[in-house]
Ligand code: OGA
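Next up is one chain by itself, shown in structure tokens, the form predicted on its own.
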């Protein structure tokens, strides 16, 4: 269900494409009051654009969870580097923040750069979608970039598409996107022996039926059945296509921004920012019904 920039939904809401390789802004939407008809418009726009931006939201944690659940059951948040799992009483919420209170980090991933990745692709059934809601944002830095993995696959030369057909990639479970060791995991830096889960290198989206490269993240990745040198060479070639600037769209955060993206056909990364600035985000993740399939 696609809406042009001039079409309107509930109460004058409009769907405005970013003009980039993916993404659309849903304007004049109050996510606390979404009926079924309008939710169908949001769902259609999400499938069309891979990512949706909603600005000027005023959501409690309960309201963020309620809107997230419109898309499906939620995963519990992973354990943070601090050993904490969640916002008190809300195990579905993961805190992304650099803020330290009373000597304890209130969230995860700090203020450094976060490299290109797909959320939690090291799981047998990764989440199909993520929502990130900005409570506090730094005056500069901390921008998030998303890329279109449908377009990445479609841009591959025919011979490269043939080479990767039927191959599986191990998605490393050792480190998160900020480079931090995951809770309870021993450091392993050999891609052939590091812990992880195999998924098809090319996946078919279960709803749109479009094909996308599914790379997850680069560190410790390994293509099964190849020598390490062959795997590294092929992955370097694929990442050159997937991480091209023309396939990406960047977002500068403001408090009240909520971004929803499809983990099955996008990757994302984050710029670093001044550690003296405060950045506080609440994230939810929607559980998928099926594992990635070719």
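The shown structure was predicted, so the numbers you read here are calculated from the model rather than taken from an experiment. Positions refer to the first chain, counted from 1.
Not pictured, yet referred to below: the form predicted in complex with N-oxalylglycine.
The three residues 119, 270 and 283 all sit with a heavy atom within 4.5 Å of N-oxalylglycine in the model of the complex. For the chain shown alone, residue 201 is not a contact residue for N-oxalylglycine in the model of the complex, no non-hydrogen atom being within 4.5 angstroms.
N-oxalylglycine is not drawn, but in the model of the complex it has a heavy atom within 4.5 Å of residue 261. Proximity of residue 109 to N-oxalylglycine in the model of the complex: non-hydrogen atoms within 4.5 Å are present. Using a 4.5 angstroms threshold between heavy atoms, residue 168 stays clear of N-oxalylglycine in the model of the complex.
Only one of 77, 137, 96, 164 comes within 4.5 Å of N-oxalylglycine in the model of the complex through a heavy atom, and that residue is 96. Only one of the listed residues (46, 241, 253, 67) places a non-hydrogen atom within 4.5 angstroms of N-oxalylglycine in the model of the complex, and that residue is 253. Note that among 207-215, 109-117, 147-155, 68-76, the stretch whose heavy atoms approach N-oxalylglycine to within 4.5 Å in the model of the complex is 109-117.
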